[in-house]
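Next up is one chain by itself, shown in structure tokens, the form predicted on its own.
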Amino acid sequence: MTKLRTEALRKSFGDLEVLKGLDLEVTEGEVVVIIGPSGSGKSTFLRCMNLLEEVNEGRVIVDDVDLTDPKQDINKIRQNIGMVFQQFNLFPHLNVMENITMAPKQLKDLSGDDARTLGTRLLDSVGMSDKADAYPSSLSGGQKQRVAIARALAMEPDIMLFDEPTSALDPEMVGEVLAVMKKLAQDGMTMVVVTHEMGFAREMADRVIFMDEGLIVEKGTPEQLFGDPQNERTRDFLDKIL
């Protein structure tokens, strides 16, 4: 079953066309990893999938609902799409538990006790159960990102979008975040991940998308894309980074 689909998606910033008519289909339980050089449009493409960036042309369809239809309540649909950012985006004045439980309490009318039970379960799932009362300023980058993942999961989304979730981390902290993402993938979460972590792409992706200059240049299984890339631009990129 198709969970998310983009059709002829275009996005410009002023005169600069960043996305040039992108088509992508993501099925339920699939892990799609988007790779490519900096400036290729990867993060913009991801942010268009939940309309954090407004689309100039084309459609974004989630669970057969057209997000680009102005009649849709985009905030309601967004509740079903978790997003994890490069820079964590935690609220500094709230402790870890409050960061995680704020949205379910406000948007799902969860009681304080139910929200705390949910928060405890999610913190346990990301290995952070001892940090419920800590504030973001006291956490390492890897810990902040694991809290951010738990916070995104608190709305019980069907789809998770990850925008370079490890690029702001020290190298030794990357593994702890990728481990949480791998567990999510193994549990059947539908995921679209923009990343520079080729090991994660090889191991966990069902499909890898290579983007360059606002276009999807090549897509295939990790075996196809890393083992036998068909496009010269893909080969050139992989030769430089692998």
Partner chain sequence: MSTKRKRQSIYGLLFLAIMLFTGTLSPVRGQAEEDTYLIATDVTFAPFEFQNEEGEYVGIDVELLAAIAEDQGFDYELAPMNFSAGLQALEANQVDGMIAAMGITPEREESFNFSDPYFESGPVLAVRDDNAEITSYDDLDGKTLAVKVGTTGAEFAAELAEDYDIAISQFEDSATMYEDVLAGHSDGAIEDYPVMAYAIQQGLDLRFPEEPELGDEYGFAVNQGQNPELLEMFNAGLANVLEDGTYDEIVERYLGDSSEVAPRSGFFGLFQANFGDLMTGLRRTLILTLVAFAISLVAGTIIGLFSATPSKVLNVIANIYVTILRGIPLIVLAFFMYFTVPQLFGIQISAFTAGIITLSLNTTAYIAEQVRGGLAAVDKGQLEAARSLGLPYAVAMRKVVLPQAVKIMIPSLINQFVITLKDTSILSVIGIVELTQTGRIIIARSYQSGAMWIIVGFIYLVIITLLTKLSNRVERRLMRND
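Residue numbers count along the first chain shown, from 1. Everything numeric here is computed off the predicted structure, so don't read it as measured data.
The next section is about a form of this same protein that is not shown, the form predicted in complex with its partner chain.
Novice: Looking at Ser129, Gln72, Thr117, Gln79 here, can you tell me which has any non-hydrogen atom within 4.5 angstroms of its partner chain in the predicted bound form?
Specialist: By the 4.5 Å heavy-atom cutoff, the listed residue in contact is Gln79.
Novice: Quick check on this chain: which one of Thr68, Ser43, Asn50, Thr190 has a heavy atom within 4.5 Å of its partner chain in the predicted bound form?
Specialist: Exactly one residue meets the criterion: Asn50.
Novice: In the predicted bound form, does each of Ser167, Val194 and Thr221 have a heavy atom within 4.5 Å of its partner chain?
Specialist: Judged in the predicted bound form, none of Ser167, Val194 and Thr221 sits within 4.5 Å of its partner chain.
Novice: Name the stretch, out of 106-114, 167-175, 139-147, 121-129, where some heavy atom lies within 4.5 Å of its partner chain in the predicted bound form.
Specialist: Result of the contact check: 106-114.
Novice: Though only this chain appears here, would Met97 touch its partner chain in the predicted bound form if you measure heavy atom gaps against 4.5 Å?
Specialist: Met97: no contact with its partner chain in the predicted bound form.
Novice: Heavy atom within 4.5 Å of its partner chain in the predicted bound form: which residues of 65-99 qualify?
Specialist: Going through 65-99 in order - heavy atoms within 4.5 Å of its partner chain in the predicted bound form - the hits are Asn75, Arg78, Gln79, Ile81, Met83, Phe85, Asn89, Leu90, Phe91, Pro92, His93.
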